[in-house]
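First, one chain by itself: the form predicted on its own, in structure tokens.
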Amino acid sequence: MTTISVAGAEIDTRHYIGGQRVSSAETFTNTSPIDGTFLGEISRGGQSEADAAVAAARAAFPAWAALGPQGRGVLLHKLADLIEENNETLSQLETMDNGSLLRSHRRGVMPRVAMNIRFFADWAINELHHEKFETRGHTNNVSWDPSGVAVLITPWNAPLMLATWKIGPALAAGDTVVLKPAEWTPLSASFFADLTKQAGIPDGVFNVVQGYGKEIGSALVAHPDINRISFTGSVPTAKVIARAAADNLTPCSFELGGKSPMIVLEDADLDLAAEIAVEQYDNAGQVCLSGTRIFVHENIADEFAKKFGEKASAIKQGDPRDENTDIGPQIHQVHFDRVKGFVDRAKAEGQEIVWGGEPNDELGGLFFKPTLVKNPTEGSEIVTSEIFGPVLCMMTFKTDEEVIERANGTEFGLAAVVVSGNQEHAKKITDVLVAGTIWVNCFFVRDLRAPFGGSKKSGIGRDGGTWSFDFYADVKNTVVSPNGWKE
């Protein structure tokens, strides 16, 4: 079968290459994390599909680049309109495929998908410029030229939203794209490809290839005819990609792991702090930005724990299609076992589990209870390793100097959360935290104009506004002399 019906939508299970559907000899199985429902067999690509996709993108590049920001913007706005028109279908499809909340997809995620496309199309037209400047009477003109073929490798925790964070600026910059979605969540990318066709985006400008990272992913990142690689995922995989890219000196942008701190200062509003802390369970903990290491000043720790417990106990775990559900399942059995393994080892070490700590037997399947580990041993893996599940650690501290040292004492630097009732105190902390994004008295506020990315092993490069175009384009400076003109 080349099409499957999921959530009322017909999804093509083949690759999308050069505007055509292309099948592979082999397939892989796709199931829903909600209840294990079999969704379909998906074409499994390798070297030949990677070669075909890159060739199609390369052939389409000159004409797409020549359209300019205005010409591309017209088509990208049509694409954004189609995303908005298909909000319900995309929301239902994504929930079935990755188990995230349907209400979140409807209200926030899919509108953001359309925004990602529309924002960068407009930015290329209206904002992507640099004021001319003079050097000894010579005029400097900075411009952003399309770079070529961009390979985008995207994760499963917010498949289409995170993909369009990359697709939007890449296409707006004039690049052509080969997208490799995560094998656990391939469906929304395939449906999205159909929308690009409906929007009139020329064949070969946008391509989707499906399969495993070790097969088609490896073939793509080592390909000699690509110009950019953008990857969101784990540190070990990024290292593999970087080694492959090195042979061709292909520029890479990486958004990687996190083990972010959430710091609750003594002067914090504890109701607000508890509310923000519970938000760290969002998407069943499958959020790289989550502040999973919660540091609470010792003088307020007991009161904070009480308020946190009250709010956490109200969390409803269940079917993500239910409007009243707050937390759904883990994405896949392999990932469920990984999360459970972290908690089981923490128990074996004698760490104190005060909330959850086990599968939700009432729901079965891939549902793991929201978990809180209290005062785990400093340096233990539950504190230092990214779990990517609904597992938080709560620890106390005495002084600002202590909490800053501990918060920064990790190989990651993706994000941080600070809760404080005093602006000067909060600034004292944020000024020295090592993180790409810091939220003060809030969480997950993301503006596409702002830089986004990680420090240390949490990534390389920044997305957002002109920072995205600095990666997906070749930034050029043209210096014009005042001499030699005949007219």
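What you see is a predicted model, and the numbers here were worked out from it, not measured in a lab. One rule holds for the numbers: they count along the sequence shown, beginning at 1.
There is another form of the same protein, the form predicted together with a small molecule; it is not shown, and what comes next is about it.
The candidate stretches are 373-381, 76-84, 311-319, 175-183, and the one lying within 4.5 Å of the small molecule in the predicted complex by heavy atoms is 175-183. The small molecule in the predicted complex comes within 4.5 Å of no heavy atom belonging to Gly409. Contact check for Asp282: every heavy atom lies farther than 4.5 Å from the small molecule in the predicted complex. When contacts are judged by a 4.5 Å heavy atom cut-off, Asn116 does not count as touching the small molecule in the predicted complex. Contact between Thr325 and the small molecule in the predicted complex is not found at the 4.5 Å heavy atom cutoff. Distance criterion of 4.5 Å from any heavy atom to the small molecule in the predicted complex singles out Asn157 from the list Ser253, Asn157, Gln351, Ser147.
Out of the listed residues Pro329, Pro261, Pro390, Gly258, Gly258 is the one that sits within 4.5 Å of the small molecule in the predicted complex by at least one heavy atom. For a residue to qualify, one of its non-hydrogen atoms must sit within 4.5 Å of the small molecule in the predicted complex; none of Ala273, Ile404 and Ser455 qualifies.
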